[in-house]
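In the form predicted on its own, a lone chain appears below as structure tokens.
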């Protein structure tokens, strides 16, 4: 692209000084903006690399067969109970929140102009901003104490599902809105009912985006600690199948609690738990992107 000065010399027309000065200011502002964005990217990248390096440096030396075959014994032993509890709570929360979130997303996308749909969308956005520890307190008052479930897997899974449902609903809504209107019009023109249009035309067309939202919600629930402290507690034993009246172990509790203990074994378990959580979250994120690309191509 020619500069303002060269363009004026080639065409023979004089460029006003005010326009030339505005053009130079825009170039300066553009360069300054790119400099700020690039610097921010580098700082965030270095911070992420530092976190990953610290976790890997402390976690890899602690990896052993005992870590995956033995439960914790005080501040030593393995992490079998914590790994099992994390998987139970994560899968349980997604099983509860998945159908609810997808249903809410379908309703708010297909009835987006209705008053109640706008209310539901607004309340969902508000719920996203509620601190997770407040949701944990809510779960403690309603389920642990109110219903008498005590610390349990069901109380923790329901609390996590309340936290991640708005994310699933919003992802589903945006996925459906992004579809071209011709899909709906063609299906209705062929005489399809509203339910058939949604479940046989629209949802299959955006399966990748919906699954991505579910997997990202799973990664989000896997990294939570505050809601589980109030609803799940902690246990050094593996799960025996009871949904209520039985606490569970989970990896984020090991990170939060064991790192403050004055024992080397506790610190090793904390770093190993952090490494496992990071690996699980990374695997879920990569899986969501691969699934999205595969289904989007199909």
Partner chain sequence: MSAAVIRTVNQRSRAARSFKRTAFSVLLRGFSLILPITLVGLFVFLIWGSWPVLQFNGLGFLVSNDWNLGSQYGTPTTVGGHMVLPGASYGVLFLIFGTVASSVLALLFAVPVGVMAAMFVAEIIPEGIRDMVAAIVELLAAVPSVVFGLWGYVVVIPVFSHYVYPVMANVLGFIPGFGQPVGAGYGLMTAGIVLALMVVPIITANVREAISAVSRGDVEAGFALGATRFEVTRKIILPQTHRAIIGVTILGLGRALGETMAVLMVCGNALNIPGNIYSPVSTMAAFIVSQLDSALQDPTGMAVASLTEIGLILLIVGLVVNAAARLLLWQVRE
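Numbering follows the first chain given and starts at 1. Throughout, rigid core stands for the largest set of C-alpha atoms superposing within 1.5 Å between the two forms. Note that this is a predicted model, so its numbers are computed, not measured.
One more form of this protein, predicted in complex with its partner chain, exists but is not displayed; see below.
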Only one of 67-75, 176-184, 205-213, 92-100 gets a heavy atom within 4.5 Å of its partner chain in the model of the complex; which is it? 92-100
Can we say 57, 80 and 88 each have a non-hydrogen atom within 4.5 Å of its partner chain in the model of the complex? no
Is residue 201 near its partner chain? Define near as a heavy atom within 4.5 Å, in the model of the complex. no
Hey, in the model of the complex, is residue 112 touching its partner chain, heavy atoms inside 4.5 Å? no
Would you classify residue 191 as touching its partner chain in the model of the complex, given a 4.5 Å non-hydrogen atom cut-off? yes
Does any heavy atom of residue 84 come within 4.5 Å of a heavy atom of its partner chain in the model of the complex? no
Let me know which residues along 102-127 have a heavy atom within 4.5 Å of its partner chain in the model of the complex, or say none if there are none. 103, 104, 106, 107, 111, 116, 118, 120, 121, 122, 123, 124, 125, 126, 127
Return yes or no for residue 38: a CA shift of at least 2 Å between this form and the one not shown, with the rigid core superposed? yes
Superposing on the rigid core, I want to see if residue 49 changes position between this form and the one not shown - specifically a Cα shift of 2 Å or more. no
Would you say residue 66 moves between this form and the one not shown, meaning its CA shifts by 2 Å or more once the core is fitted? no
